[in-house]
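First, one chain by itself: the form predicted on its own, in structure tokens.
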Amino acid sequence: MKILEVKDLTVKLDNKTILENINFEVKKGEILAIVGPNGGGKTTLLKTILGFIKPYRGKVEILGLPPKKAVKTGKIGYLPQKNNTPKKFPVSVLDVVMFGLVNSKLSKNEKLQKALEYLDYVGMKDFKDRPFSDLSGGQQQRVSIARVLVAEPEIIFLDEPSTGIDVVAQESFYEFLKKLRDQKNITVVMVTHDVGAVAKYVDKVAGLNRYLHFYGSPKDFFKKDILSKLYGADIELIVHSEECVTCEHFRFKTEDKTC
């Protein structure tokens, strides 16, 4: 079942074309990674899909509705790139998740039980009384996901979800996204610079740099002609080594070739 459709989308900001003639659709239960170089329009695409930016041309439909109407259904979750919680803001882990139910009509006790349920789901229930600011980056990311999930959306949008967390925490986070898809059939659309994670954890890849240069299976993405077109530089394909966990599936020839 189609849950997201982007058709003939062009976006201009300050009379500059950021995205041009973008077309793709996402089916329910898929994980889509939007990848590409910095300045290629990834976050702009995400914000346009969510209705924060008005398209110059084309349309977006989520759950068969325009973005702003779809957001009002409560079936859409969004985790922005930056955590806006002040470092020393006196809020507990449980409080953060409860914020996700601020518009819910559930009773206070029902909200509490649901928040605890989703903290347990992301493996953070034992931290419920801890200050959110005391957690590691990976732990904060899990709690933030619980806050999004507690409203039980059908599709969630993530902007650079692995930013600020270490490699081990990144692996754990992407495994969790797969669990989310498999157990709850939630659709995930994420902007990411972590191209190396694409092949292992997602169903579809959108290669974006103003134009949509690629859309399809990750197994078809890692080809020299596609990567060169997308990143606009000489690309050298490499073999991913288990010993070098930070190594990507490709690298730029102009960069240091040591892992």
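Predicted model, so just to flag it, every value in this text is computed and none were measured. Note that residue numbering follows the sequence shown and begins at 1.
One more form of this protein, predicted in complex with a small molecule, exists but is not displayed; see below.
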{"property": "Heavy atom of Gly41 within 4.5 Å of the small molecule in the model of the complex", "result": "yes"}
{"property": "Interface membership of Pro37, the small molecule in the model of the complex, 4.5 Å heavy atom rule", "result": "yes"}
{"property": "is_contact(Ile22, the small molecule) in the model of the complex, heavy atom dist at most 4.5 Å", "result": "no"}
{"property": "Contact test in the model of the complex: Ile18 vs the small molecule, heavy atoms, 4.5 Å", "result": "yes"}
{"property": "Stretch in contact in the model of the complex with the small molecule, which is absent here, among 211-219, 23-31, 42-50, 66-74 (heavy atoms within 4.5 Å)", "result": "42-50"}
